[in-house]
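Next comes just one chain, in structure tokens: the form predicted alone.
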Amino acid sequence: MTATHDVAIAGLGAMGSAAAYHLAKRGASVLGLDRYAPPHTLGSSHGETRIIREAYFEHPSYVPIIQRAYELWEQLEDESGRDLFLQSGGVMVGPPDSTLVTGAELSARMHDLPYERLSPAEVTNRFPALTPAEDTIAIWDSRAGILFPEDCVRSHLDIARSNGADLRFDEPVESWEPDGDGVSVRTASGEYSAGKLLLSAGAWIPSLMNGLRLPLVVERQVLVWFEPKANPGHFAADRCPIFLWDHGQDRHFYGFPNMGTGVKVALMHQGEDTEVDSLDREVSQRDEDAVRAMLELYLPSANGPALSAQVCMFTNTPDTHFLVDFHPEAPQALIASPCSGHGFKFASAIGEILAELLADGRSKLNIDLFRLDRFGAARA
């Protein structure tokens, strides 16, 4: 063995970098391993901007976690000296009976969050870039806004390293196995021992399950940035909120104001299933046209030339809730980060939760929704 650590981390994207930060600040000896050099554009933690919102339509159980995440992002801003968050406010637009609208309102009511119900005319009066259909309403979340993911990951890693974490890039974990009460981890460069292992490799997690079959599906996700063809001032961050939009049958798209590189828009959970090693990273005209169709209907002034595009990956669970739990056959290994495309905003708090689980065996926040046993996982 070349080294001994309290915790080894496989994958240093959103969740792995945050866990390294929290563990190192607690005084743990941390070994972090990543197949690339984060922050990078090859996984699930890039794209210039990410949405953060408090009235969480997916489930009310997320609200205490996102509230802790807000606190920790602010703390990370102070420690890093970087601007990581911009509060633009946000709207969730859809039919009154849509999951997007009813779920956001349920979370707001259950947790006594400030919110407003807006008519289509009220939305357009406040935010002339947006043109909702007459049969929809919007939920206004004043705390919503934008995270800058590359700087968030960079900040977590920088501070983890300054607190003694050993971070090794371009060194993917090839295999691991229990070794007494700890683990043995192998890479192309060597073999390491650690007391605990965090598996936070995103789309690469299925290859590290040691025969445990999980119902995880990798989805190709396309992000496109557009130059407004009219009224560019309407898309400035002080005039345009982040937006999530139900455009029928619980099919969503989402987007951001123009942060200097164009209006970023993407479809949610409408990409094709893929394999991580055969992901098509080229954005086709068909990909662009699918996003542009939403602009034509709801943000017509944004429907100008496409300035750039990227592909990332969602690693989805069947119910789209997160997966955070110990490996059933190796309790010294913690599985984390298949976040179904909506996890980045939580990374600061999930990192703290992972550090608590690894160091203390339990988290102060309720994460029962993320348990592994809901899947009936089986051997391959």
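Numbering starts at 1 and follows the sequence shown. Bear in mind the structure is a predicted one, so any value in this text is a computation, not a measurement.
One more form of this protein, predicted together with a small molecule, exists but is not displayed; see below.
A heavy atom within 4.5 Å of the small molecule in the model of the complex is found for one listed residue only; from Val173, Leu72, Val218, Leu299, this is Val173.
Remark: Ala19 does not count among the residues lining the small molecule in the model of the complex, judged by a heavy atom distance of 4.5 Å or less. When contacts are judged by a 4.5 Å heavy atom cut-off, Val30 does not count as touching the small molecule in the model of the complex. At a distance threshold of 4.5 angstroms between non-hydrogen atoms, Pro64 is out of contact with the small molecule in the model of the complex.
Contact annotation for Phe256: at least one heavy atom lies within 4.5 Å of the small molecule in the model of the complex. Shown here without its partner, the chain carries Tyr36, Gly43 and Met313, all of which come within 4.5 Å of the small molecule in the model of the complex through at least one heavy atom.
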